[in-house]
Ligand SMILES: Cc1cc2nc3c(=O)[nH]c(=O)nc-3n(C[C@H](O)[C@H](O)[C@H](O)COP(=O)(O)O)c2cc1C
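Shown here is one chain on its own, the form predicted alone, set out as structure tokens.
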């Protein structure tokens, strides 16, 4: 596909002074990617793995690149339905149309990694707590303590049709169910005390009978007796991650999340959300360090700034108009864009309505009253997260600026195309971060919790 001859309208990264404020902890890094890459046109980019969705060897390569870079974790998104919408556009956009189950996939990656945390997405809307508790406890044992669970309530309304429902759960109902779901899962993970399994041949005692606990949970959404038939896992609980964007999602994150993945587009916004989440953790009887703020970062890196800009331009030039519009309509919750041409400004009354509805969500999309094309170009590269285009020094400067000024604890790096985009970051940016003393040169611990600096939770019965 030829370039369209028009440079992207997206504003690129501009350097800002780095604060001298010191932090005693280290930056956290994760790899978060859709199979061919985070950019909506990544599968058309010649250097991407075109069949990545079902290519296990591709995921092995990505995991090993992340581990070579000493990343804390690898994070996989999921949905339990294909996308619905304009089939012509969807046929040009493979995300969520052909991909592997993340828990099955990550279980396979346990054999080819030693240190990398492996975080799988599983919905609380269309699963049962006992199933998830068992699978994730098994996964944590298999990895020696490197498992994580990204708790989602499902945003794709099509998922309801695959589970005997005519409509999705209402927004508040989804989050109420999610909170109870997590509490049940954690209760099941405490079914056995630490050290319950003595496995003593001389006495003939395999486990201590008083170390087994029945949950007997009965709530609004679930009735679960327990116990779970697997011993307490190496981490106590697998690490809990959550994407937080709405107000109710932020409240839930303050109660349950240990990694928060949330869109942040300015340092001031980052500092505000960072403090809000730390305060919510304390409000819920936790410590500020019990929650790590790791927004997505769509980093496009070149050996020079010009090389990075050229990569970005090539990717942007591959966006098909139908795909860009479909992506944008999804971001705008199904808004009909057919009355507007690609190059006409978005109507002011529509912009005002969007901002009144959810400023945090829509301001990054509609800022400056862009055209439809400018909007979908801006959104296509980062899916609502922040895009950063530059040389290794420029990218490291930006990351340092956000980290030392307490806007983040780290980032989930979202390579625009894979595997090359992740390899560029690991090869070019990670050494610069290590040189500055911001990022580890070796893994500190054996488990994901240890590497993230998170406490191992005690059993509720030990308390």
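Residue numbers count along the first chain shown, from 1. Note that the structure is a prediction, hence the values are computed from the model and not measured.
The protein also exists as the form predicted together with the ligand; that form is not presented, and the subsequent description refers to it.
- Comment: 73-81 is the region of 364-372, 134-142, 205-213, 73-81 lying near the ligand in the predicted complex, near meaning a non-hydrogen atom within 4.5 Å.
- In the predicted complex, at least one heavy atom of residue 121 sits within 4.5 Å of the ligand.
- Looking at residue 126, you'd find every heavy atom of it more than 4.5 angstroms from the ligand in the predicted complex.
- Within this chain, residue 331 is remote from the site of the ligand in the predicted complex, having no heavy atom within 4.5 Å.
- Put simply, residue 379 is far from the ligand in the predicted complex: not one heavy atom of it is within 4.5 Å.
- Contact annotation: of the candidates 149, 274, 261, 181, the single residue with a non-hydrogen atom within 4.5 angstroms of the ligand in the predicted complex is 261.
- Of the residues given (243, 109, 327, 280), 243 alone sits with a heavy atom within 4.5 Å of the ligand in the predicted complex.
- Taking the ligand as positioned in the predicted complex, the residues of 159-176 that bring a heavy atom within 4.5 Å of it are, in sequence order, 159, 171, 174, 175.
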